Ligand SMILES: O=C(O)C1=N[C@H](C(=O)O)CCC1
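In structure tokens, one chain follows: the form predicted alone.
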């Protein structure tokens, strides 16, 4: 077992954190060696298994990422942009594979990862599932085949605890549509419509977000033309698909050169 890659999970108490912990623990290809939470959290200093309501695991939850990362080969990070930036610096120092599923990262956050990628493998994606990455490819191809007379709208739905919008996956799909059309998403994005907004800008890529209940994740890419519509859809019913994809990325990165990668690289798409 000791020759298996050691994985650290950040944001251990969160929904994704706990799913990632279960996924790594149940895997015969990796071992869980660390769990990180923010300073002051109730889990700090406790056995991870007991904190999750189960049997002792031998892994003590810490608020010191440097300590946790020192005995690992990879870190899986679904936290917040500011935390991810700090984890990236420490992962680079430790030469770990850093798998980032954090959403809500802006251009400055993403740019801050570049120096870290000179020393570590960074795999960052808005979504870690095979299905969504296939949807991304399809979105790019359809956008390339249709002209700007077809309006593109990315419609996403998530649970009522999600704090950012549009989702990272929605933005990934929007980027794919923009690439297919040969335009900049930043210059052609419409979102957050309310009140008298005026007519839709020709060629714009729109975003609509729904929040409610326990929705794991649903994404539609709507291509609306005159007299016809094309809808590409992905529905996630189990958060485990993201955890399995993240673990796959962590294992994939073990023999790769430092640099920035995404799930398309991991999946060979």
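Residue numbers count along the first chain shown, from 1. All values derive from a computational prediction rather than experimental measurement.
The form predicted together with the ligand is left out here; the points below concern that form.
Judged by heavy atoms within 4.5 Å of the ligand in the model of the complex, the contact stretch among the candidates 89-97, 144-152, 166-174, 188-196 is 166-174. Residue contact check for residue 114: none of its heavy atoms lie within 4.5 Å of the ligand in the model of the complex. With a 4.5 Å cutoff on heavy atoms, residue 69 does not count as touching the ligand in the model of the complex; it lies far away. Interface residue remark: residue 207 is not counted as part of the site for the ligand in the model of the complex, having no heavy atom within 4.5 Å. Proximity of residue 139 to the ligand in the model of the complex: non-hydrogen atoms within 4.5 Å are absent; the residue sits far from the partner. Residues 158, 159 are the ones in 140-161 with at least one heavy atom within 4.5 Å of the ligand in the model of the complex, listed in sequence order.
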